[in-house]
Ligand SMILES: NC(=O)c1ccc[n+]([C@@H]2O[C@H](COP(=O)([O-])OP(=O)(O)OC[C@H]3O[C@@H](n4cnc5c(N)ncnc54)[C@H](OP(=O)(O)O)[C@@H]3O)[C@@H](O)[C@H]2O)c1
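Have a look below at one chain only, the form predicted alone, in structure tokens format.
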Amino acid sequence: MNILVTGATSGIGRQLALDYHAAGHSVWALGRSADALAELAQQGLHTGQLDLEDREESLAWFAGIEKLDLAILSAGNCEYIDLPAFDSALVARVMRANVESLAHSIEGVLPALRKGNNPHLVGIGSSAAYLPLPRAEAYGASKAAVAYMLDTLRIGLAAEGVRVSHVAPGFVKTPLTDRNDFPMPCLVTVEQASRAIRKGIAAGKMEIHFPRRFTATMKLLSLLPRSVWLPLARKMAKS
């Protein structure tokens, strides 16, 4: 397959790019870090240094890709809000990193996907989108937007034969989560995350969430009336 992975210089994206390359696929790995991209290039991957928040730069680069069978859009960032200070600039940064960059990537890869074999568009979101969590006003909102965008694209692109999948991980040990200052239940490695995502993609799943013991709990909690969930969330915030 011809595969493209954004956010491929660290974390889940990097592991996915390496694993698909090891399986014999032709992989384009995109990211910002020149050093990390150089390491991937040494291992035989195609690389591109790109700021996905820049729409014109991104579309110009994607125009050079002729054909894709699979595009995994993994680029993103996480910042938390600590009330009582509400930082609208932080919200804007997170939305640019997680929503706008995804939109630029989708616009860029769709022409190449439409020429691919059994084309598949995959977006990496988060299980944080399932329900409101303390400090996640910006991050959770951005990932809820990602989930909604992918769900609606799945409807619109079905007639063209382009499959769309949403990945909603729990906590994965990456340089991003290494910055977290709170307990992360059911933490998994990037190798475990990559394996779960690749398995879900191969099976054609619309939603890929893991680890199940964590994400299933999140899904169940999301079914609770907000009047029940709110006191639980307040206790989480205090702790």
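Worth saying up front: this structure is predicted, and the values here are computed from it rather than measured. Numbers for residues come from their place in the sequence shown, where the first is 1.
What comes next is about the form predicted together with this ligand, which does not appear here.
Engineer: Which one of K67, K199, R32, R212 is close to this ligand in the model of the complex, taking close to mean a heavy atom within 4.5 Å?
Structural biologist: The residue from K67, K199, R32, R212 that makes the contact is R32.
Engineer: Please identify the residue among G108, G140, P119, P169 with any heavy atom within 4.5 Å of this ligand in the model of the complex.
Structural biologist: In short, P169.
Engineer: Select, from the options 153-161, 130-138, 75-83, 109-117, the stretch whose residues sit within 4.5 angstroms of this ligand in the model of the complex by heavy atom distance.
Structural biologist: Single hit among the candidates: 75-83.
Engineer: I'd like to check something about T174: if you look in the model of the complex, is any of its heavy atoms closer than or equal to 4.5 Å to a heavy atom of this ligand?
Structural biologist: Answer yes; at least one heavy atom of T174 falls within 4.5 Å of this ligand in the model of the complex.
Engineer: Would you classify S165 as touching this ligand in the model of the complex, given a 4.5 Å non-hydrogen atom cut-off?
Structural biologist: No - in the model of the complex, heavy atoms of S165 and this ligand never come within 4.5 Å of each other.
Engineer: Considering only heavy atoms, tell me if E39 and this ligand come within 4.5 Å of each other in the model of the complex.
Structural biologist: Contact with this ligand, no.
Engineer: Find out whether any non-hydrogen atom of L52 is located within 4.5 angstroms of this ligand in the model of the complex, and reply yes or no.
Structural biologist: Result yes; L52 sits at the interface with this ligand in the model of the complex.
Engineer: Pull the contact list for 96-134: residues with a heavy atom within 4.5 Å of this ligand in the model of the complex, in sequence order.
Structural biologist: Read in sequence order, the residues that approach this ligand (within 4.5 Å, in the model of the complex) are S101, I124, G125, S126.
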